[in-house]
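Presented below, as structure tokens, is a lone chain in the form predicted on its own.
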Amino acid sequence: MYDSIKKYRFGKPIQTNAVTYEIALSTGEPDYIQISENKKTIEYKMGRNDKIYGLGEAVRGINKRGWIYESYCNDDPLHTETKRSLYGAHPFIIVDGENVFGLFTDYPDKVVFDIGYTDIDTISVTVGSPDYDLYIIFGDTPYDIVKAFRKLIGKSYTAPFWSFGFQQSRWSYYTSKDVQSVIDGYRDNDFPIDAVYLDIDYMESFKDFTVSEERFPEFDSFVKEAVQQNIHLVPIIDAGVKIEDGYTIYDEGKEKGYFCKDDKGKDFVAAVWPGKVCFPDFLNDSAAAWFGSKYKYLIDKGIDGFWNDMNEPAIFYSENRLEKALCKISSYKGKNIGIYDFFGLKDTVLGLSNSGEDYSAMYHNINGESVCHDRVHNLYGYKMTTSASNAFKEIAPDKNILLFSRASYIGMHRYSGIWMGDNQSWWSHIKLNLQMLPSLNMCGFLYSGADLTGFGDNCTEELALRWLALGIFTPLMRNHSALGTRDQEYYRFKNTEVFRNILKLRYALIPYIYSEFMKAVENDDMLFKPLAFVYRGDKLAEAVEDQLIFGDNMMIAPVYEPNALGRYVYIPEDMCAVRFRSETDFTFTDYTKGHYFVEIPCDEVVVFIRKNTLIPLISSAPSTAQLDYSTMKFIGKITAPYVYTVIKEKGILNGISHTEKTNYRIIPDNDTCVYNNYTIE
């Protein structure tokens, strides 16, 4: 397999550890591509019908042709199609045309992918300095290339079984009473749920590894009481450490020199939630180990899940730039401010956050060498998250702890999942959620999902239902919303029964969802695949970007437009459609290959099962811990004996998940679509 990969090294790259297998360096000119004399630009002339896949977390469609993208971790909550970068940096693309190959530009700062934007027929990949490793992966199909790349970068993170249940979050549930009210709201309305999140207000003055005694008194007991209700509490951890004398984390970091520095060797000071902060130097191994060890404070209280945030790192302002901005603003006082002065005033304020000038002023200690943050920007969130993951193996070797992050780089997929960041309650973001899933899978990120209902803005009931109909298939299934938005917990909407039925369907499908997830982990495969990867040569299937093959046996085609009666669906082979009104109320319709308008009311979920395959279904339960596998049945249509392997988490040993597999052999029974009779092999 590794014979199909060539590696070229230019200059003196900073090692990212994205790749787990050492590839011998190649010599001579790389195949297909042209590299500029200064080694900073890679070009490829596309054919008229070439498709370009990859780039992980990025805007626009599955085929990335026609836009300019930046692989650069960027804190930007307005994910419009005009944006060039989001929170993750995943500089891997696949060219599918007359030549089929993958290109991984392993460079930890900004990589610009101009894919037919400046020149409609040219891919131009540009790096800031000629110090990077370039991998070219060859294969017969894009799917072959994904599998080869996934083997190269290592196994994906396995999330704990409970984290495949539904999870509820908000910025913020301010007190333990608020959290309990949400738990009660779901339980009293017979909604299944496994986790509730604690956003920044659970902390004392936004300080990492603290809990507000006033808002969350007797926190240890509260966590235990939640566990007794089969609820996991998942607190946020931010990258910035508040500057406050007497705060242990700050005092230790300052004393040991574990914070990022400025160009004078002093601690770099910026501001986020608590005001002025210092940033732990996660690229310093000692500092990373120190910060990771601090998760013990919450793990000892019974916490077994975390989400790392603000780790691009996000910066509201720095001391130096704020002072300059205030001086500039004061210079406008008393002036008759015209249009250009007004634009200058506005840009002065808006330009304070996440400035490249600030990133250029930060320095890391990497193996004793002072390195400007500019050179390693995309590794910051990755290294914060690996610091936690590595610490968990020491702190709680017998636990599988949930961990996911906002910022990421290729390689981080071995340690955690990601969520798709601060999206909005926009219809277009259902489609964006759908199209990011396979692109993230290509880069190794299997445990992922978007904030259902949208983080920003107010979600309508129709939008919430349509998004939920997609969200029940994503491994990370979390409803999350921002400060100032309407209450968006599902039990608060009018049609409570419909939301309940769809949530219960998620739990009924968990044997399929978890099994297919684990198979993808074990086989370095994708959980969500574009139709183009499965039905290669079918021009109609290759053009579809709003339907996905989910696992091996199912196709999903969610509705993502308002006031829709349903949607047009391309059926790429004979399939059996299952129309779910609830976990127990469903009907079947046979479809032959072709285009169809499929009616999909808001109170139904429609999936398509491939011919001669089945999916397992189980009775739902209030939580994943209460699922009863003896209720298993299989649905679909088969004409010959069929074996389906169901995977259940068995336990954790030294931080590694071990799974239990059961093979179910199902025998066809006349023309039925529901199979209750099977033998266990």
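Residue numbers run from 1 along the displayed sequence. Keep in mind it's a predicted model, so treat the numbers as computed, not measured.
Another form exists, predicted together with a further copy of the same chain; not displayed. Remarks below refer to it.
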Triplet E98, Y514 and D552 all within 4.5 Å of a further copy of the same chain in the predicted bound form via a heavy atom: no
Stretch from 140 to 148, 86 to 94, 382 to 390, 428 to 436 whose residues place a heavy atom within 4.5 Å of a further copy of the same chain in the predicted bound form: 428 to 436
Residue contact check: R65 to a further copy of the same chain in the predicted bound form, 4.5 Å heavy atom: yes
D457, heavy atom within 4.5 angstroms of a further copy of the same chain in the predicted bound form: yes
Touches a further copy of the same chain in the predicted bound form: T105 (any heavy atom, 4.5 Å): no
Any non-hydrogen atom of E599 within 4.5 angstroms of a further copy of the same chain in the predicted bound form: yes
R536, K399, K224, R486 - the one with a heavy atom within 4.5 Å of a further copy of the same chain in the predicted bound form: R486
One residue of D119, E497, D220, D251 in contact with a further copy of the same chain, assessed in the predicted bound form (non-hydrogen atom, 4.5 angstroms): D119
Residues from 310 to 343 in contact with a further copy of the same chain (non-hydrogen atom within 4.5 Å) in the predicted bound form: F316, Y317, L322, E323, L326, C327, I329, S330, Y332, K333, G334, N336, I337, G338, I339, Y340, F342, F343
